[in-house]
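Single chain ahead, by itself, as structure tokens, in the form predicted on its own.
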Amino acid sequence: MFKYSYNSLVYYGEDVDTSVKRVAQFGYDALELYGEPLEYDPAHVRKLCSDHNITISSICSIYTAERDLASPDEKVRRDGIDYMKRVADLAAEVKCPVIIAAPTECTKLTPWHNPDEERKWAVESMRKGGEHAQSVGVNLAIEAWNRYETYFLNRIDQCLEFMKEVNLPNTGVMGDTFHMNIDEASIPDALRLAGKHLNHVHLADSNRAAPGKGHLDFVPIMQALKDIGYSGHLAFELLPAAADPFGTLKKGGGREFFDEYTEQAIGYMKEIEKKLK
């Protein structure tokens, strides 16, 4: 019924060949690339996907202080736009339909002193990057992060308002069940609110582990996706429960996020599908 992907960001330090083979082995439809275009050879990625009968579902863009679309520094905003364009170009080259977009850097918790001015910068920057993405046939998925990772967009309704301001036909919104579990009053209701504008989804349990390892009830979540006719990919973005999850992975921790969670995540959600009406 649904198409499943796994975010290669979770496979910290691993080459794309191994990641593609793993998701193919466990029955995935696709792999989500992390957003560092210079680390990929598009022709090699296309061949890997062809050889293993999978696709690239999406690219998980990485927004840092140097790539902040809402920065008061014009050069930083310009660098952020250029980054979006590079990610969109990679997506087009590997036949990927959507890239994740965010208006400001992850973990920036303090807004500019003039919120209206900051929002104007963010909208203008997103539109410029989005226009280039549109020119190469790639869509944007605007993501809400929880309140502990950003002050800017925390809920689906806020993403929808921002999307309207950007005002591009190739722009939609995405939901991430880990973030939504913190800031949405109801995950299913938020997904229904997004409706036809929902063009990408990240799945993770309440503790950002594989579904079934936390306390989220995925039946009503998946039922909402079925009810709105969601046809995009469901990508697992799972990370260790640590203040510095990538530090944990770098030190060799979180090995369960590789084979074990890759297998469990898709298996668990396939069982959830059987319970839908």
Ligand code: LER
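What you see is a predicted model; the values in this text were computed from it and never measured. A residue's number is simply how far along the shown sequence it sits, counting from 1.
The same protein has a further form, the form predicted together with ligand LER, not shown here; the description that follows concerns it.
Of the candidates E184, D176, E105, D205, D176 is the one whose heavy atoms come within 4.5 Å of ligand LER in the predicted complex; the others do not. In the predicted complex, W121 stays away from ligand LER, with no heavy atom inside 4.5 Å. Among heavy atoms of E237, some come within 4.5 Å of ligand LER in the predicted complex. When ligand LER is considered in the predicted complex, A210 lies well away from it, no heavy atom lying within 4.5 Å.
Taking the partner from the other structure, ligand LER in the predicted complex has no heavy atom within 4.5 Å of any heavy atom of S57. Annotated contact segment (heavy atom within 4.5 Å of ligand LER in the predicted complex): 144 to 152, selected among 144 to 152, 157 to 165, 124 to 132, 89 to 97.
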